[in-house]
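One chain comes next, on its own, written out as structure tokens in the form predicted on its own.
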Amino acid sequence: MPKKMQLKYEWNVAYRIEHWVHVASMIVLIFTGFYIHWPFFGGGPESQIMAWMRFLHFLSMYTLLIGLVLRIYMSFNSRFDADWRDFSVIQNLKGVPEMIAYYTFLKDKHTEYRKYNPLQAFTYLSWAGIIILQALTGFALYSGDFFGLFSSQAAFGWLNRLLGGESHTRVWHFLIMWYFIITAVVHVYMSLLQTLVKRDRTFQSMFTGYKLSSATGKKR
């Protein structure tokens, strides 16, 4: 075990389940979203396959929203680690240049943080906001009813008008999806880089819960 490093239980079962449910939901959303936009196998817009794809798309979005609500709740109320302080915008801004320099190999080390480095914290905060925006644009594009109670486009038509029409809403929905894809790839890259360079088991920790952490990690 590296000197000055100690094995720490970084993620309990609840945090790991939330993480992997989030990952699974995003994969299904991206796959079904591409299919809804361009049915690359099976039937056309009115086929049974398309109906299932739309169902899975909305089911995954509801799952993602519920997961977001639970994650916010855990951030403030988890007995294991209520980590809301780690997302302080003011404190994290100071560390962004250093982290960019580290991940682009301009610096060979960086300040140790308690749980999330500044780039991680800002990425996760942006995901929370983007998930909400993606859900709103999706509801604005949906032409059906909510459980027969009210029309989705009647309830969320204001967003179409705000963005300049349904076609513009569709473009925003598409661009947000690509934001998720790109930032997810960067997230995996950063995790693997941290694991390979520092050998701290960052990547494995989302499976096992355990990570090697510096005993002198920066407190929030």
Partner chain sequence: MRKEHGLATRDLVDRLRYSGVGRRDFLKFCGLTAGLLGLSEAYIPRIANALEKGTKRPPVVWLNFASDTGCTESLIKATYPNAADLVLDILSVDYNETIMAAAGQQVEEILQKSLKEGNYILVIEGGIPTKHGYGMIAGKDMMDIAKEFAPKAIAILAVGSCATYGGVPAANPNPSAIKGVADVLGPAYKGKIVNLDLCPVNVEVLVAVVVNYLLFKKLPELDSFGRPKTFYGQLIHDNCERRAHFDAGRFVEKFGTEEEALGHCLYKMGCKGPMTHAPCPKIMYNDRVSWCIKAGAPCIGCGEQGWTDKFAGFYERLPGVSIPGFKGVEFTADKIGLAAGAAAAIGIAAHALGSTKRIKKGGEE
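Numbering follows the first chain given and starts at 1. Basically, rigid core = biggest C-alpha set you can superpose within 1.5 Å across the two forms. Note that the coordinates shown come from a computational prediction; the quantities given were computed from them, not determined experimentally.
This protein has a second form, the form predicted together with the partner chain, left out of what is shown; the following refers to that one.
- Proximity to the partner chain in the predicted bound form holds for none of 114, 139 and 212, with the criterion being a heavy atom within 4.5 Å.
- A single residue from the set 49, 59, 27, 70 has any heavy atom within 4.5 angstroms of the partner chain in the predicted bound form; that residue is 49.
- The partner chain is not shown here, and in the predicted bound form it never comes within 4.5 Å of any heavy atom of residue 31.
- Proximity of residue 103 to the partner chain in the predicted bound form falls within the 4.5 Å heavy atom cutoff.
- When the partner chain is considered in the predicted bound form, residue 17 lies well away from it, no heavy atom lying within 4.5 Å.
- The partner chain in the predicted bound form is approached by residue 193, whose closest heavy atom lies within 4.5 angstroms of it.
- For the stretch 165 to 182, the set of residues having any non-hydrogen atom within 4.5 angstroms of the partner chain in the predicted bound form comprises 165, 166, 167, 168, 170, 171, 174, 175, 178, 182, in sequence order.
- The rigid-core alignment places the CA of residue 45 2 Å or more apart between this form and the one not shown.
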